[in-house]
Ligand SMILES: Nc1ncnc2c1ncn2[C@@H]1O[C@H](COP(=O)(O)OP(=O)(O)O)[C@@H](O)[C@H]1O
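Encoded as structure tokens, the following chain is the form predicted alone, with no partner shown.
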């Protein structure tokens, strides 16, 4: 990794450990994990199935307690649900009886903030993700990709500095997934959030990220960190570049070890 010491650290894991107690004994999910993620950086995490990627995200958001070690968000230890974080899940998790606009404004209602003050911002986000004209549609009237765009707007409505994304495009077909990668890149370029992105797709990780972190099989620890130096904005044709293929091969080899 390049020296980024001059940049602000937005997420930091220090000797992080997580153990689950089950009816069949303890499951050691994460062991001595150390990562720093810097301000406005896009970092993807890849690794074998069951290695603890989603667990890592839940600990970061404060939805799951750590067993040992530390995790800090924007300089503050995480000891409960963090307000500075927006979450995007694999499934959009939209309320089926609420319109696009009402789903986006749901966090505003939960936080008891004035809805009227955020209505204009919600419409700006709808425009940003190219959903103008769909604000009064129900989730069932939208495609999967459109639903995920609504989910992304909902995560952005409180303007959090950090986005945590747990395989947000994993359930989409290949063409829609490619479109959503371009869409996410465009939104990230516009909003400049710090992003921690979980994915099973190595090409997706390389295409979107400044850095890709590879986790080992359980118990998870970092086995490789790779810088991605392609200029931005990236184009689909970049995936056919020799360097893109080299990085994918390097990451795939690290996962298989």
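Bear in mind that the values here come from a model prediction, so they are computed numbers and not experimental data. Numbering follows the first chain given and starts at 1.
Although not depicted, the form predicted together with the named molecule is the subject of the following passage.
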Next on the checklist: When the contact criterion is heavy atoms within 4.5 Å, does residue 211 count as touching the named molecule in the predicted complex?
Outcome noted: no
Next on the checklist: So, residue 218 and the named molecule: in the predicted complex, are they within 4.5 Å at any heavy atom pair?
Outcome noted: yes
Checklist entry - Would residue 53 sit within 4.5 Å of the named molecule in the predicted complex, counting heavy atoms only? => result yes
Checklist entry - Does the named molecule get within 4.5 angstroms of any non-hydrogen atom of residue 22 in the predicted complex? => result yes
Checklist outcome for this item: As a check of understanding, the residue in 48, 69, 203, 62 with any heavy atom within 4.5 Å of the named molecule in the predicted complex should be identified as 48
Checklist entry - Taking the named molecule in the predicted complex as the reference, which of 35, 43, 228, 29 has a non-hydrogen atom within 4.5 Å? => result 29
Checklist entry - Counting only non-hydrogen atoms, which stretch in 184-192, 35-43, 203-211, 54-62 is within 4.5 Å of the named molecule in the predicted complex? => result 54-62
